[in-house]
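Only one chain comes next, encoded as structure tokens, the form predicted on its own.
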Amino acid sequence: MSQHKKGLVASFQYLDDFCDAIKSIKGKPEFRGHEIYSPTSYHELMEHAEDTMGPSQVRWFTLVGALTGVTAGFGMCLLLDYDWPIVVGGKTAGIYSLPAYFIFGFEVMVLLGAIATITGMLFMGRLPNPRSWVLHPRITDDRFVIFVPDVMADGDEAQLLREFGAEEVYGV
């Protein structure tokens, strides 16, 4: 979150309760703009994120990094072979030695693809974010949190989240 907002914070201990709460509040106008927080990724939560925000764009970073890596790996081998040819068995330098380039091309593809994926995750996740604030002290340990902006802690929304198994419900 880029700025401090007032609203309702509900923390859950169990993933099943958390997913049930998310499914129940989906599409309700009083929960518009809610945000969910998890200590790690779960496919149930990823399905919810894809439904609300669409598929992740990090895969395009990976594709571009991998294609750049395989091109750089093959290009580097070809240029080095033309610059310092090693003539073995009478073969000329260049394209005739192509099978030997696959290993290096693959390794550079994996390296640049991984670096691009990490960069994409940090960029698309807006990390690091020095203006972020902690909603719940155990959010990175073992708790799941729903933040609903512009909602009071003693309203009907808080009661609904308590019914789905929220351990703590408080306003910020």
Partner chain sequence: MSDLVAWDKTISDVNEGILVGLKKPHPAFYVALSISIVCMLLGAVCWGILITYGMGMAGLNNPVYWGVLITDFVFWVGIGHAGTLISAILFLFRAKWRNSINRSAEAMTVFAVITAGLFPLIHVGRVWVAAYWMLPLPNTHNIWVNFRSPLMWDVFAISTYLTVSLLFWYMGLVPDLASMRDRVKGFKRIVFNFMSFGWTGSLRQWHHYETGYGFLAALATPLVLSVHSIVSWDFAMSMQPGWHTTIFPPYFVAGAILSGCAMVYSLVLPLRWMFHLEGFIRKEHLEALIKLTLLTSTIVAYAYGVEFFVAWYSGNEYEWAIFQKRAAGPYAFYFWVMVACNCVFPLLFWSRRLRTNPTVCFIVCLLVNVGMWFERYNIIISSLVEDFLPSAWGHYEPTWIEMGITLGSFGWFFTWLLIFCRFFPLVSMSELKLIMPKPLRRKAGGH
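Model, not experiment: these values are computed from the prediction. Residue numbers count along the first chain shown, from 1.
As for the form predicted in complex with the partner chain, it is not shown, yet the points below apply to it.
For the three residues Val64, Ile95 and Ile146, a heavy atom within 4.5 Å of the partner chain turns up in the predicted bound form in no case. Contact annotation for Gly171: none of its heavy atoms lies within 4.5 Å of the partner chain in the predicted bound form. Not displayed here, the partner chain is approached by Glu50 to within 4.5 Å at the level of heavy atoms in the predicted bound form.
The partner chain in the predicted bound form comes within 4.5 Å of no heavy atom belonging to Gly27. When the partner chain is considered in the predicted bound form, Asp156 lies well away from it, no heavy atom lying within 4.5 Å. Residues are counted as partner-facing when one of their heavy atoms sits within 4.5 Å of the partner chain in the predicted bound form; in 42-57 these are Tyr42, His43, Glu44, Leu45, Met46, His48, Ala49, Glu50, Met53, Gly54, Pro55, Ser56, Gln57, in sequence order.
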